[in-house]
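This document starts with one chain, in the form predicted alone, laid out as structure tokens.
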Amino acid sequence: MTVTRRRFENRLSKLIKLPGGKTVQEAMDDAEANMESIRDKVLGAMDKKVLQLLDSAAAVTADPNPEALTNCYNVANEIFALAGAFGKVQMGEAAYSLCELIDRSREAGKWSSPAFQAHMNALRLMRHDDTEEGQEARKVVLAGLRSVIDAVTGPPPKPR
């Protein structure tokens, strides 16, 4: 019996070896330009998410039922994702902090409407204050949000 070996052509490997195409830097520049082209649209969508969150805040403050909390958590998580992609790091941290407040409050079986309102106010501030002078103030606000969560729910769980 004869064994015949055939070597299949890898088209991707062949394409990569062809001259021309983009350099890594060109691809990165194109990706950045594409992100910049949708920046205003995405930041507008993020503004709508913040307004949606603020609208639902009244329902959560009056009655922190599981459905309302889940809705707020999901919207805050979307804000976190959008903010990070477009350099709004501190706003993303405030949205993440709200998610943390909701998670830890559920686990601890405790709820604080003032802590929730503090997060709502912080999100509003983070979106509309992009000044360099406000940088340090935003850091203080974020540290305050962390301490508010700890005061409501106790210290964070230790990593395993």
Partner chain sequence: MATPPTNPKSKINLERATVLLMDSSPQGMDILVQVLGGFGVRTPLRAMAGAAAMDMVKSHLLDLIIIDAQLADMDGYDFVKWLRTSKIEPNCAAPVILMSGHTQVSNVTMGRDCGASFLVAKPIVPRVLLDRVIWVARENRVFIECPTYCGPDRRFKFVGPPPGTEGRRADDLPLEVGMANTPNMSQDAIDSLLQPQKAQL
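We call the rigid core the largest set of C-alpha positions that still match within 1.5 Å between the two forms. These figures come from a predicted structure and were not determined experimentally. Positions refer to the first chain, counted from 1.
Omitted from view is the form predicted in complex with the partner chain, to which the following refers.
Visitor: In the predicted complex, does R146 have a heavy atom within 4.5 Å of the partner chain?
Guide: No - in the predicted complex, heavy atoms of R146 and the partner chain never come within 4.5 Å of each other.
Visitor: Does at least one non-hydrogen atom of R124 fall within 4.5 angstroms of the partner chain in the predicted complex?
Guide: Because no heavy atom of R124 falls inside 4.5 Å of the partner chain in the predicted complex, the answer is no.
Visitor: Do D55 and the partner chain share at least one heavy atom pair within 4.5 Å in the predicted complex?
Guide: Answer no; every heavy atom of D55 is more than 4.5 Å from the partner chain in the predicted complex.
Visitor: Does Y96 reach the partner chain in the predicted complex if we count a contact as any heavy atom within 4.5 Å?
Guide: Output for Y96 is yes: heavy atoms within 4.5 Å of the partner chain.
Visitor: Heavy atom within 4.5 Å of the partner chain in the predicted complex: which of Q135, T61, N65, N34 fits that? Just give me the one.
Guide: Among Q135, T61, N65, N34, a heavy atom within 4.5 Å of the partner chain in the predicted complex occurs only for N34.
Visitor: What residues in 74 to 99 sit within 4.5 Å of the partner chain in the predicted complex, counting heavy atoms only?
Guide: N74, N77, E78, F80, A81, L82, G84, A85, F86, Y96, C99 sit within 4.5 Å of the partner.
Visitor: For a quick test of reading the superposition: does E136 move by 2 Å or more at the CA between the shown form and the other one, rigid core aligned?
Guide: Not so; E136 is displaced by less than 2 Å.
Visitor: Superposed on the rigid core, does the Cα of E32 end up 2 angstroms or more away between the shown form and the other one?
Guide: Shift of 2 Å or more: yes.
Visitor: Align both forms on the core first, then report whether R146 has a C-alpha shift of 2 Å or more between the shown form and the other one.
Guide: No, R146 moves less than 2 Å.
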